[in-house]
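One chain comes next, on its own, written out as structure tokens in the form predicted alone.
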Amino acid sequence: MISSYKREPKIDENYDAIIIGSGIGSLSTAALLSKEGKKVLVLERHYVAGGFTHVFKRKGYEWDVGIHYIGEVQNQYSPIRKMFDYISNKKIKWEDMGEVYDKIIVGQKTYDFVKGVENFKSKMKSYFPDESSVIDKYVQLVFDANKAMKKFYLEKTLPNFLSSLFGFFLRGPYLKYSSKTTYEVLSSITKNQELIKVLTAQYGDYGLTPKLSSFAMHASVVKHYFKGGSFPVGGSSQIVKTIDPVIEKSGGQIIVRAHVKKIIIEKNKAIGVELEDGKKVFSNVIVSGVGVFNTCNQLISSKISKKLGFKKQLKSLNPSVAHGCLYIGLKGDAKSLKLPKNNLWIYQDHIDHDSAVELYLKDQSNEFPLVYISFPSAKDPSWNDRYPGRSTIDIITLLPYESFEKWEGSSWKKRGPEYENTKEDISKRLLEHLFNHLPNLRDKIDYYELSSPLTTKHFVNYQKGELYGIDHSPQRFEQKFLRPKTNIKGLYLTGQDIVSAGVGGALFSGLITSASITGVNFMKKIYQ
């Protein structure tokens, strides 16, 4: 059972591993170590565990804050499904979203992303009949990039001396794809800007536009959904609920409201953590899953961070995009309201993704560069049993942190009328996008609430309210220091910053971090 630090749970003085943060990277690491018999303590500063996999409840509704769909879990032999099964003892169940998982809407045109590689290609060719060979080539490039990825991440688990000997040979093939932008790669095979716009329409899943994002990141996301999308039955809170017993079985625990103030380092060795109230807990293995910026700027002293070159390394990175999410509650079930299972990606006509973002960042009264709409209550078959006669919708868009910076330092729910009015204006604009596509919902809204980048900062502790940790630019993939093992003995990193964006990337960060700590070949164990 997850404990609250405020209720003074029993915390031992020593653990086999202490993990800071409880996002999926941390939970994955904790579960894998626990399955090796390690007693693991997971410390979460907020009142709910799970990071972007947590849910919140308000006014008789429940919303998932980070998981909107996950790919590759319907195939019980896929690596991601095997990972989820292993760390949850096969307790997480998945619901397929159906043939169409994403609908791309550009002006008045709609393009369906359908599951199955051949189906996807056929569908794209029906929209772009003159680009048949280009679509084949594009899909092949996606697979080629992903094939090279395995050795790239394998290199991250190697000891330094082996990495210096063989690292380039393992990293090189993937860098061929990661060093180019998504737009560079696509524009080298086609001049059709509409096709490029449609093929890159999922850029919101990793937060960087085609002319700025690494093609390797784009390829990873695209392949992830080729076989369709799925949703966790019972909502994303099932992830932490099913992993917690695995951690407890080896004597470990997850504790919320436990704010780690700093990592205790002596003679370049991490030996424990100090909490905000001064309590110290010790271990020879400390894992930070709260992002490289938070780890190096907040949990490690400035003197040590500077001495070991962390400060200099961070200058080569940028935080990813900040966002806002409008959480909507409706009276009526998904069937009666005709809510789809598939997501909607809504874009303006006659403008490319990069230009749309550029214009919006200059003036937020311009049209949103993208509006993403998800219907979680329609995706979850257990929803009606839990919340009969109710439904939920999430609408996500880009909201720059700088637009909310003047309220920095104010308290959650107490930021003042100007802040609330700003949010209300954005909410109404987003609702109009919903009504444009589902006009029957105009009088069905019961409740709505908008999160801002400050909300993300408050709950997930990313300093700029970023959604995906650090930017997935070509430069990001060149940084060798983004690996589990740090220059401080006993200190490891996990989470999406050392792999890639989203739940899938963070999930596998747990695997490479645990392998770095133990030397165990977890993929072999998972496939036994």
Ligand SMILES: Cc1cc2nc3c(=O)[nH]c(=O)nc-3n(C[C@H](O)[C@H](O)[C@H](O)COP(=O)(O)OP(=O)(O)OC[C@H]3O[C@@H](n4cnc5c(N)ncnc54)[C@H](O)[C@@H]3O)c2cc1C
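Everything numeric here is computed off the predicted structure, so don't read it as measured data. All residue numbers refer to positions in the sequence shown, first residue = 1.
The same protein has a further form, the form predicted in complex with the ligand, not shown here; the description that follows concerns it.
Exactly one of the stretches 153-161, 69-77, 412-420, 263-271 approaches the ligand in the predicted bound form with heavy atoms within 4.5 Å, and it is 69-77. In summary, among the residues 491, 41, 482, 501, the only one with a non-hydrogen atom within 4.5 Å of the ligand in the predicted bound form is 501. Among the residues 93, 259, 249, 444, the one placing a heavy atom within 4.5 Å of the ligand in the predicted bound form is 259. The putative spot formed by 24, 65 and 506 is fully lined by the ligand in the predicted bound form; each residue has a non-hydrogen atom within 4.5 angstroms of it. Contact check for residue 208: every heavy atom lies farther than 4.5 Å from the ligand in the predicted bound form. Although the partner is absent here, residue 32 sits far enough away that none of its heavy atoms falls within 4.5 Å of the ligand in the predicted bound form. Contact check for residue 20: a non-hydrogen atom falls within 4.5 Å of the ligand in the predicted bound form.
Within 4.5 Å of any heavy atom of the ligand in the predicted bound form lies no heavy atom of residue 476.
Although the ligand is not shown here, in the predicted bound form the stretch 148-179 places no heavy atom of any residue within 4.5 Å of it.
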